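Below you will find one chain, with nothing else, as structure tokens; this is the form predicted alone, and questions on how it binds or moves follow later.
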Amino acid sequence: MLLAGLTGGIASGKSTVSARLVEHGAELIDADAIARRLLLPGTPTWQRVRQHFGDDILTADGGIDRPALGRIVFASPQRRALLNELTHPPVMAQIADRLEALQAFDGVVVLDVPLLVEANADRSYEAVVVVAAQPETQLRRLVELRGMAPDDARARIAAQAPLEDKLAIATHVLWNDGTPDELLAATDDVAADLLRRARDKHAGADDG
């Protein structure tokens, strides 16, 4: 397999890119989706998060109220670090299991990690795709499309690694300050390159 990391700031359009890469045949490992499953009511991770953050972060049916939890952790670096300590190890363990199961796959495996830079994950990425948008674009989307208060939106953006840190590790950059069609077309180009590299790697392995 060819392992590609996918990352980008909040409201950058990363979900659109990951879905398009899957349409091109990539296998997707979505760290956020894994985290949501690990936080389902009654799971060990859910119990630990509830113990540390209290019942105020629960919905009526016992689920995690993600906006409520977000308001807490994005207002406090210490609380955010605590949440990461509780959730990152089980998420990374499940990612490792998925990667192990895909060892024989000869295509592209996309590891979607929103905090790839922040987590400083020690992985042998053969490509890193960064979906980038200017902070003012992110802010507008968070306020207009997600109904977030401007101060909350700014706190979310500021809590993530600066865009330049993401760009510094990128092999492919998808700028998304334009139209959805422009992003999809650019993603198609990146997918074609990743698939070509995966084919070349597989052919090289066969020759060896």
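Sequential numbering from 1, following the sequence displayed. Just so it is clear, the model here is predicted, and its values are computed rather than measured.
Quick note: we don't show the form predicted in complex with ligand ADP, though the next part is all about it.
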Subject >> One residue of 54, 147, 180, 42 in contact with ligand ADP, assessed in the predicted complex (non-hydrogen atom, 4.5 angstroms) >> reply: 180
Subject >> 4.5 angstroms heavy atom contact with ligand ADP in the predicted complex for residue 191 >> reply: no
**OP:** Answer with yes or no whether residue 187 is in contact with ligand ADP in the predicted complex, where contact means some heavy atom within 4.5 Å.
**Re:** no
Original post:
Is there a non-hydrogen atom of residue 10 within 4.5 angstroms of a non-hydrogen atom of ligand ADP in the predicted complex?
Top reply: yes
Original post:
Would residue 141 count as a contact of ligand ADP in the predicted complex, using a 4.5 angstroms cut-off between non-hydrogen atoms?
Top reply: yes
**OP:** Report the stretch among 171-179, 23-31, 42-50, 148-156 that approaches ligand ADP in the predicted complex to within 4.5 Å, counting heavy atoms only.
**Re:** 171-179
Original post:
Who in 13-30 is close to ligand ADP in the predicted complex, meaning a heavy atom within 4.5 Å?
Top reply: 13, 14, 15, 16
